[in-house]
Every structure is written in C-alpha cells, then in structure tokens.
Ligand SMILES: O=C(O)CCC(=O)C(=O)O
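So this first bit is one chain, no partners, the form predicted on its own, shown in structure tokens.
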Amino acid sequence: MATSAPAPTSPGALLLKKPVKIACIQLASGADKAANLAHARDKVREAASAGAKIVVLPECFNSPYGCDFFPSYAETLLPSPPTSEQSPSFHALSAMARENNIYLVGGSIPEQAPSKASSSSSNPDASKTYYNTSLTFSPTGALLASHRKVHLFDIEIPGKIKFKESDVLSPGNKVTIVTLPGYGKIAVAICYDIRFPELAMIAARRGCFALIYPGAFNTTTGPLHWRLQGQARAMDNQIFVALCSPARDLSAGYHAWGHSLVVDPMAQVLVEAEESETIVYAEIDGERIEEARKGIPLRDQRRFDVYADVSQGAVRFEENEE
C-alpha cells in the first residue's frame, strides 16, 4: 500500500535480523514463454536446494528483451490476483516461491494495463499501457510487492547502441520497499533504475538491508558500468546490493552482459558470474552492515543542515506490512 514515509532507521539497528543465503539466477530464456517459466522453475528449485532463502530472477526472464516483444508477451496483473489466463507468469512465480519455501524476487515481466487513451484511436495498442514490472512473493506464495520500472532505458551511444524503452513502456512512479518477515527490508528496482542514486538512498534511509536489481545491461554499457554501479550503490548506502542478469545469448537481438553479482556494504564484490547461464550465491550477514557503518560512520556524518534528506521528500513509495 502507498504510505507516508516513516522515520529513517536509527543508528545501531540491526537491519538484517539473521544471516541469509541469497541466489541470483542468471537465466537463459528464449521465445517460448511456457518453456521459460518451466526452466525458471527448475533453476529456482536448484537454488533453494542449495540453501538459498532469497532467490532472484533476471529482468524479462519470461520473454526476449526488446521493444518489439513487450506487447506480445505482456500480461495483465491488475486487479490482483489475476487469473492464470491473464498472467501465467504471476501464478508460476507464486508456485515457485511456495513449493520451495523461499522469498522470490521474480525478475521482471512485461505488464499490460488499461490506458487513459481514447478507445477511438486508430492505433490498436492505444487503449493499452505497458510496464516493466517486478513481482516479489513470500514462502507461502503470496504477493508481497510489485515494482514498475521507474526510469526507462532511453539511451544512444553513437555507433554502439540505441534503445528507447519509452517507445512502448510507461514508467512506474514509486520506490518499492519489501518487508521479508524474519529478515528485514529489501528494496526492489529494475536495471536502469540503478543509475539513479536517489532511489537507492531513499530505500537505505528507510532501513533496507539490501538493494536488489534484476537487470539486463548490454555488452556496451555492461563492461563500463554494471559492476561499478553495484559497488557505488553499496558504497553510498553501506548495505548489500544484488544484480541479476539474463545469460548472454548472441543469437538474440539484444545481448545481455551477464555477470550477475552480489556486493557487500564495503563495496567488495562477494561473487560474480561470467556470461553463461549459472547461479551465484552469497551468504549475507547484518553484522557486516554494522561493521561498515561503525568503521566509516556516514550515517552519523550526513549534513542535512547543508543538503536535504531525500527520503523526507519521498512521497511516492510503497511498503508492505510485516
């Protein structure tokens, strides 16, 4: 539910209540949605069998990534819960979480929603709005939160890459904070969202122990900034950061960078994949957050008399209740 911002976490609070194993599944997906969902189910089971209690899938895990694919793979999520016909991915993710007794950050899927556009438009898609949406489920299979990608991937690097998600997608409008009972709070955002430190800072000030980004950087931006962005958000906020990418498929139109990784509160990379399909794991412990914040006490040194606390102005965010 949407809510006004609570007070930021107090110094000394143990943000992660107990150690937990997190897994990022660097999934290889193709054009067959049903096959993608079945493959994701197998890999989630594998991660859970290895002891992971928080499992993350990549951006657009159920479909190819690209503006040409978003409308044809889009599913209706509202009102929630959707029927299995409206959203097979919703029900598949719910079952994966329930069957394996895990918290599941379900990467992202293309979402279709009604639009305010005139139904008389000659454009058959004018009556539809599309989002890039991440769903997080509890060990009982209940939906805990949904995040619509806030910052759309519109870039042009001459001679290398041009991509404009806004040709098809609309942006979300909130910071998404998810309470995982027994552990604490995480923030979920998607890919290009990581380039905007304000979103991460708000989540960290609200008491999150981790920032989780399903993402699909490409082979131009990936080697430049993928690891760097993960380390920067961890360093700025002194919490864990997990980035989960699709595996690279050179036969696809979009080449994902891969290199799923987990970064600790001192900005050290704990684990990093290469480009092929794999699962990377990390044991994360709240004491590492406290050690980082005691050693380099940014939380006590911020000068809000000089600059504003961005979390105080965050009027659009959503947090589920424990």
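Every value quoted in this text rests on a predicted model; they were computed, and no experiment measured them. Numbering starts at 1 and follows the sequence shown.
From this point on, the text means the form predicted in complex with this ligand, which you will not see here.
Placed here by superposing the C-alphas around the site, this ligand (as posed in the predicted complex) stays clear of every backbone and C-beta atom by more than 2.4 Å: open pocket. Of the residues given (170, 231, 115, 221), 221 alone sits with a heavy atom within 4.5 Å of this ligand in the predicted complex.
In summary, among the residues 90, 209, 137, 217, the only one with a non-hydrogen atom within 4.5 Å of this ligand in the predicted complex is 217. Of the heavy atoms in residue 187, none are within 4.5 Å of this ligand in the predicted complex. Taking the partner from elsewhere, residue 131 is found to have every heavy atom lying beyond 4.5 Å of this ligand in the predicted complex. Using a 4.5 angstroms threshold between heavy atoms, residue 254 counts as touching this ligand in the predicted complex. Looking at residue 195, you'd find a heavy atom of it within 4.5 angstroms of this ligand in the predicted complex.
Judged against this ligand in the predicted complex with a 4.5 angstroms heavy atom cut-off, the residues 65, 153 and 191 are in contact without exception.
The stretch among 94 to 102, 145 to 153, 240 to 248, 173 to 181 whose residues place heavy atoms within 4.5 Å of this ligand in the predicted complex is 145 to 153.
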